[in-house]
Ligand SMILES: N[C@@H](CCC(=O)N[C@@H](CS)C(=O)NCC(=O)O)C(=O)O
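Take a look at this single chain, the form predicted on its own, given in structure tokens.
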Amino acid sequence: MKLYGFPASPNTWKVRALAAYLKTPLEFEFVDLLQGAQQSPAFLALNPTGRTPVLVDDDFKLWESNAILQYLASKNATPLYPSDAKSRADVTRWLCWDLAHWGAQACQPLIFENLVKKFANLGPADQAAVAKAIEAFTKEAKMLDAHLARHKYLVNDTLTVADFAVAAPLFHAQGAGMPVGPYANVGAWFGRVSALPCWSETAPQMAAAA
């Protein structure tokens, strides 16, 4: 299998980390987002949306990082993606929340405004967008913190792909200005997840880039 991606992106990093955790061989192909490689005809043939990452497994091309997490974990039986209907639905619930709220409204705007713009020389952060994202982050982190006050991990107190997805943006929390300080349970959970060797094994050389 081959993964096309940009190493410092949380979406690419979480897929590589999961593959390392599962000991799934994954050939990596660097896509230089800063040079617009994601809009090349060759890449658009893999993913017409022009986004990373993309997984290619023989003739199967899969984009959307959370779908890739599910696919990798489905290839072999693993507690990371439980087989019973309720637990799997719970994992999917957190992945949907990550896509719709945690990522799209909170973490991703902060990473873009406070990190990507600086790294790619795209001008100053839009302070209105930052304020809106911080408001969203505060709302979602409060809910997440309350959940983690009662649970070691997001689903069944057991590590799953949901933890990989939700934790990934927090590796850039400091540079992106994510106000994680007040949420001790989120911090403790992130400490448990981020301590997994698979993250350091796949860490981008330039972690400040997103």
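Keep in mind the model is a prediction, meaning the values are calculated, not measured. Residue positions are given as counts along the sequence shown, with the first one as 1.
Keep in mind that the form predicted together with the ligand is not shown, yet the notes after this line are about it.
**Q.** Listed range touching the ligand, judged in the predicted complex by heavy atoms within 4.5 Å, from 168-176, 59-67, 137-145, 155-163
**A.** It is 59-67 that comes within 4.5 Å of the partner.
Q.
Check for me whether the ligand, as it appears in the predicted complex, comes within 4.5 angstroms of all of R16, T24 and L55 - heavy atoms only.
A. Answer is no for this spot.
(Q) Whether L46 contacts the ligand in the predicted complex should be assessed with a 4.5 Å heavy atom distance threshold; does it? (A) So L46 does not count as contacting the ligand.
(Q) I'd like to know whether L99 contacts the ligand in the predicted complex, with contact meaning heavy atoms within 4.5 angstroms. (A) Contact check for L99: yes, within 4.5 Å of the ligand in the predicted complex.
(Q) Test of understanding: in the predicted complex, would P182 fall inside 4.5 Å of the ligand by heavy atoms? (A) No, P182 is distant from the partner.
(Q) My question is simply whether N11 lines the interface with the ligand in the predicted complex - judged by any non-hydrogen atom within 4.5 Å. (A) Yes, N11 is a contact residue.
Q) For the stretch 22-41, which residues lie within 4.5 Å of the ligand in the predicted complex by non-hydrogen atom distance? A) In sequence order, L33, Q38 come within 4.5 Å of the partner.
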